[in-house]
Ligand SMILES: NC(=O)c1ccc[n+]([C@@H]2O[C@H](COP(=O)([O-])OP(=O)(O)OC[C@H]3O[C@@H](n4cnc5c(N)ncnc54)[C@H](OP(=O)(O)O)[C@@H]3O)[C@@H](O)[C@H]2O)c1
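Next up is one chain by itself, shown in structure tokens, the form predicted on its own.
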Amino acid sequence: MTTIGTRNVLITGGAGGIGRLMALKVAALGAGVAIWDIDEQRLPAVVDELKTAGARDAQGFVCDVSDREAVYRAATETTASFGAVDILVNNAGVVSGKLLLEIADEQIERTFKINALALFWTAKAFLPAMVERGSGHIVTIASAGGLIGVPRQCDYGASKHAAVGFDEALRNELRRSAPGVITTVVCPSYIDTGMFAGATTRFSRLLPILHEQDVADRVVKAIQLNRRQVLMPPLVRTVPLMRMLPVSAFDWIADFLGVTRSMDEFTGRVGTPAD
């Protein structure tokens, strides 16, 4: 059991969406909260919200996590101003929502830089101190799209598959070398933050569009309980079992559930680079 109120928490993409909600949740528990975001204009207001919510300390830092050197600079600045990071939540992410042949090369590269490569840079920045202390927690906000491929998610899904693999490999490394450092991977289906505006579900009871507050609450609870994995909604837990079926049967189930058409009407949030 982790007492969040005694910890310092860093959340990337923390000025909006579930990043902001997670930050407010841990602030209300008395944690020190640092948020990184590319949107400099939103940071001050969210920092004020965190202080009002009860954060022991609240600070915001501008950082484009697609830039490796910017991540390392922000990590140095954060540690110097905020202190040691006990819990790192890799939340920043982007989605294009286009067919592969419609996605610009630069967008594909940016998707991987933010959704996958940034995980390496933040971990390399903060993990050494966690290992030295013998305690810490790294949370990777991946996606159900990292477990099953969906049309219009070639870049996004592949980057989230990478995020799931990153967590699994790191978890097993740390079990051997630093068992006091925990990892958690979170794989939710579509969330109503606006990032996946227009995405649909055929069976709302089986595969509901998740409420952002519910997801934020589940992630914070997982941190408190040191849970290694959060899959949302429950049907997502069956994907590994479905993979035991022949490919044709796997694809038929995905078609029947409406998964493979869920992005057909995607519009996304206009004007927001990351969430």
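Just so you know, these numbers come straight off a predicted model, no measurement behind them. The numbering used is simple: start at 1 and walk along the sequence shown.
Omitted from view is the form predicted in complex with the ligand, to which the following refers.
Each of A92, R110 and S189 comes within 4.5 Å of the ligand in the predicted complex, counting any heavy atom. Of the candidate stretches 121-129, 72-80, 172-180, 93-101, only 93-101 contains residues with a heavy atom within 4.5 Å of the ligand in the predicted complex. Exactly one listed residue, out of D39, D48, D217, D57, brings a non-hydrogen atom to within 4.5 Å of the ligand in the predicted complex: D39. Just one of I114, I138, I148, V85 comes within 4.5 Å of the ligand in the predicted complex, counting any heavy atom, and that one is I114.
Contact check for F196: a heavy atom falls within 4.5 Å of the ligand in the predicted complex.
Residue contact with the ligand in the predicted complex: A15 places a heavy atom within 4.5 Å of it. Contact annotation for Y156: at least one heavy atom lies within 4.5 Å of the ligand in the predicted complex. The closest non-hydrogen atom of K160 lies within 4.5 Å of the ligand in the predicted complex. Contacts between 63-87 and the ligand, taken as any heavy atom within 4.5 Å in the predicted complex, involve C63, D64, V65, S66.
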